[in-house]
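Given next, in structure tokens, is a single chain: the form predicted on its own.
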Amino acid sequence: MANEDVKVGRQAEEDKGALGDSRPGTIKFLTGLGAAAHALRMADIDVASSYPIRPYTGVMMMLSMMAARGELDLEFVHGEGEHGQLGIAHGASSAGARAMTGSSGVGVVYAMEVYSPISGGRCPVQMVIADRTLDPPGDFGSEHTDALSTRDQGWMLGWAHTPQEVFDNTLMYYRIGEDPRVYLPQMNCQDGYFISHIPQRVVVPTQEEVNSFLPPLEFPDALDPLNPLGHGPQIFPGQGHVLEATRVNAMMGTFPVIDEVVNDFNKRFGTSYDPFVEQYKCSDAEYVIFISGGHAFTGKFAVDHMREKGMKIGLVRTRWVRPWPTDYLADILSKFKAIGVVETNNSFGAARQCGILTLEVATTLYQCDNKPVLTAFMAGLGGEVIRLDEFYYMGDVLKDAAAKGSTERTAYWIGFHNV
């Protein structure tokens, strides 16, 4: 964090280029973890449950210091492991507390058993995930396989691509997940190291503005000793499909809430987020890179450079993986000639020998009249950086695919192009 905070306003023209907008607030230099910690403090969370694992640990260090300094009235509980850590958050949320937790890599999957009970109990816990590749090799970096392994557990799931978006998503996720039409937990993800540990300028609003946007949690089914009820009992098989249907309806019901909340955030804070999908230089694009997470930051620079060479390329970044905005994406993606999905994850043995996002995109396009050429770029695995020259290679592949109407491979492994 900078030694001095800098005040900015909507008319601060000198800051527009660096910040991407002219939103009012105080500029702080924050990592993704620092941005999450500041937003959680301003969200006035009640309970945080921690267990250390790189690279997410820093957010818990900052929250514990805020609590120790009296900046945050917080019940800070240190679990005996990730499984217990999620159990603590589950209990706190069941009792009506605004709860958070977090993890990375193998810590995320160690807690797998607890995710479904939390979403099944409709407890709006928020979990900060700073991605780390699973063992082997276990390096912390940009691989998304850890969080994506949980994608079928009933949690909302999305990635930020800058520390600013981490801050903003933290507030928006709580308001969406705590909406009475939703009541679902959220995984607030950021790329390990590339977002979690590299500081950028973040505009922080006032506490009063945050309070106006994010009201206190109201959870009518919270545990109450004066009104006992049971949570999480075993049920008869015939009741299962009814319970599952309510969870499906809850997830599908998030779409209008996401739209409302993001648009309200934009009006209040001077931002311009699309509720579901960011399109970068796509208005006249013939082929696009499809991506999620922090490498979109580099990808945009690459698109700019390729545009200067006359290539009709754009970038599409999904802000959500769960819920997956199927109809929204189908309308966007079906207009292109070729799509290359950047897969910072792996799904060994999957159709097309690709990652998880390509399968989602293929399903999205299945019923479209126009079906673009679709390929995958396996990149960022093991936490590797995706370099500009590797994005240029992707652009050349997509340009050729758009011209020919086909591609040589369903998946290209970036870094050794002959595989």
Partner chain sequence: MKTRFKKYTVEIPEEMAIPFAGIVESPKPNGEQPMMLTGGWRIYRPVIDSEKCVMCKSCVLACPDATVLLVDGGNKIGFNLDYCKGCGLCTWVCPVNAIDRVPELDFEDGVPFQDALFLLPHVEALYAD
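Since this is a predicted model, take the numbers as computed values, not measurements. Numbering follows the first chain given and starts at 1.
Missing here is the form predicted in complex with its partner chain; even so, the following discussion is about that form.
With its partner chain left out of view, the stretch that reaches within 4.5 Å of it through heavy atoms in the predicted bound form is, among 313-321, 153-161, 338-346, 114-122, 114-122. Between its partner chain and the residues Y174, Y287, Y193, F276, the one pair within 4.5 Å by heavy atoms in the predicted bound form involves F276. For the candidate set Y110, F297, F213, Y183, a heavy atom within 4.5 Å of its partner chain in the predicted bound form is found for exactly one residue, namely Y183.
Residue contact check for D331: one or more of its heavy atoms lie within 4.5 Å of its partner chain in the predicted bound form. Residue contact check for H241: one or more of its heavy atoms lie within 4.5 Å of its partner chain in the predicted bound form. Although the partner is absent here, T246 sits close enough that one of its heavy atoms falls within 4.5 Å of its partner chain in the predicted bound form. Its partner chain in the predicted bound form comes within 4.5 Å of no heavy atom belonging to H197.
Using a 4.5 Å cut-off on any heavy atom, the residues of 313-329 that reach its partner chain in the predicted bound form are, in sequence order, T326, D327, Y328.
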